[in-house]
Structures are given as structure tokens and as C-alpha cells.
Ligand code: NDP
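Only one chain is shown below, in C-alpha cells, and it's the form predicted on its own.
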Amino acid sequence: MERQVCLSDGRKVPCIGQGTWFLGEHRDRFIREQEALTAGIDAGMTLLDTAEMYGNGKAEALIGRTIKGMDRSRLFLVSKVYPHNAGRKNIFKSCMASLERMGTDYLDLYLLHWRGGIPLSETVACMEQLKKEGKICRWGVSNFDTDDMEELWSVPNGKNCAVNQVLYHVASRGIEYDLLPWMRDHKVPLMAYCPLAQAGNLRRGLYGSPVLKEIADNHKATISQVLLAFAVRDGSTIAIPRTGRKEHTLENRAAAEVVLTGEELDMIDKEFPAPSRKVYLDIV
């Protein structure tokens, strides 16, 4: 995959990776999901995102089975720690458990899944310790709004945050008002989850939109590909769509080749306008 996003330490990652939310939870789908992830890796979607929360570790185990025997250096593995495990008492055990389930010695990126009761200063200190121990290469956060990011920047080593992962898609553009500009100013890449509005009522008629259908037809693409092209349009966003089917994985991969025109982006803005006031994070 040619289109990449550069992290603050210079590491480049594909602009479209693979999410694993709800994957690995059903034994009868395991092989199919494994094949979907493998197809994505082979096509250049080498960033795999998961979390200890997903299926209580089953998604991590699915990744572990999938990547067994692969060249680890080709992969960019991301997992997340529960907020209640993100302190000195549990984070080191949580990280080791994730590594064991995934069959790897280190994570390329470890995220705090959302804000909890443990002070950010403690979580950051633990993340930095995990880096020193070689268990993780870098760390970041998820579901952090602007005030959370400002607080993070105020704690020791908080500015080492590599990414912020939040929900973002055509019909959920709240972050464009203040969070996304803040992240751009501070050079924090966005990792967009649910870029295809996968979760239930979030779709809000996207797949029936005449505007999106017209744009998709312009590119001989699908509406899903247009949604992904929109998400990664700025060159600083990593989208992590989730699918358990090989054909959909390859469809997602092809979206990296879709570049929307200024006129098409104007059409999207008119149909799905960005907010003109503060909108708090959509969280699923």
C-alpha cells in the first residue's frame, strides 16, 4: 500500500489498516476471519488493531494465530489496555497477557482505551516503562477529547503520545470542530475507528445516500470505499475498518487508491456538514 501516514518518530504505517472488534468470538467463523486478516496483510494492510477488551482477548488470539510464522518486522501491531488496568498494579500484567495471546515479544503501539480513574501521569509513566523494557515501541490514547489531550500534554512525557484513536466517519464529524485541529497543531495522527459507520444506527442512511452513490460511481468504487477515502483524505489519518470476510478486506484495501476531488468533497460537506459548534465525542 503506497499511501502511508508518518508517525512522530518517523515510522510509516499504511493509511488503511485492519480492525478486529467483534472478531475471534465465534469458533465457526475463525478460519474465515483468519483468511480475511491474512488477505489484508498480503495486500499491504499490515497494521492490525485490537484490544484486551475485544472478546476478552479472543481478537488478540485470532491475530496471534493469523500472524504465526510471518515476518514480524512487516507488521504493525496495536492493542489497548482497559482504563482500570492502566496503572502500576495491572498494566504490566495486561501488556504481557496481550503479548502472549498475540504470540509476539512487543507491540508497535499500545493505547489507553479510554479515560478512567487512574491518573494520566501514572499511566504515562507506566507506558514509558514498558517502552524502556522493550515491550512496546510507542504508546497512545483512544477516545480522548480536546480537554483530555490538553491534560495529557501537561503531564511528564505526555507529549510522547503517538496517536489518538477516536470514532470518525462522514456522518460523525464532530472532531473537526476542535479536536482534529488541535491534533494537527500538535502533530498527533488520528486513528479513525468505525470509518464505515459499522455500529448499528451510526450508519444514518449513508449507504442510501444519492450523493455518496454518485461519487462512488465517478470512481467505479463502492460507497464503503468512498467513506474510507474520505476518512484518510488528509494524509494524517489511519482508518481501521473491521471485516471478517476476505472480499470486503480487499475492497477496503482498494479504497487507498480512491482520491476524492475538491468538488466531491464539497458535495459531501453539503450533504454531511461538519459542525459549527463543539460536539462531544461519539463513543461506541
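Counting begins at 1, following the sequence as shown. If you're wondering where the values come from, they're calculated on a predicted model, not measured in any experiment.
Here the subject shifts to the form predicted together with the ligand, a form of this protein not shown in this document.
Checking 250 to 258, 229 to 237, 213 to 221, 65 to 73 against the ligand in the predicted complex, the stretch whose residues place heavy atoms within 4.5 Å of it is 250 to 258.
In the predicted complex, the ligand lies within 4.5 Å of some heavy atom of residue 244. In the predicted complex, the ligand stays beyond 4.5 Å of every heavy atom belonging to residue 6.
The closest non-hydrogen atom of residue 19 lies within 4.5 Å of the ligand in the predicted complex. Taking the partner from elsewhere, residue 196 is found to have a heavy atom lying within 4.5 Å of the ligand in the predicted complex.
Taking a 4.5 Å heavy atom cutoff to the ligand in the predicted complex, the contacting residues in 22 to 58 are 49, 54.
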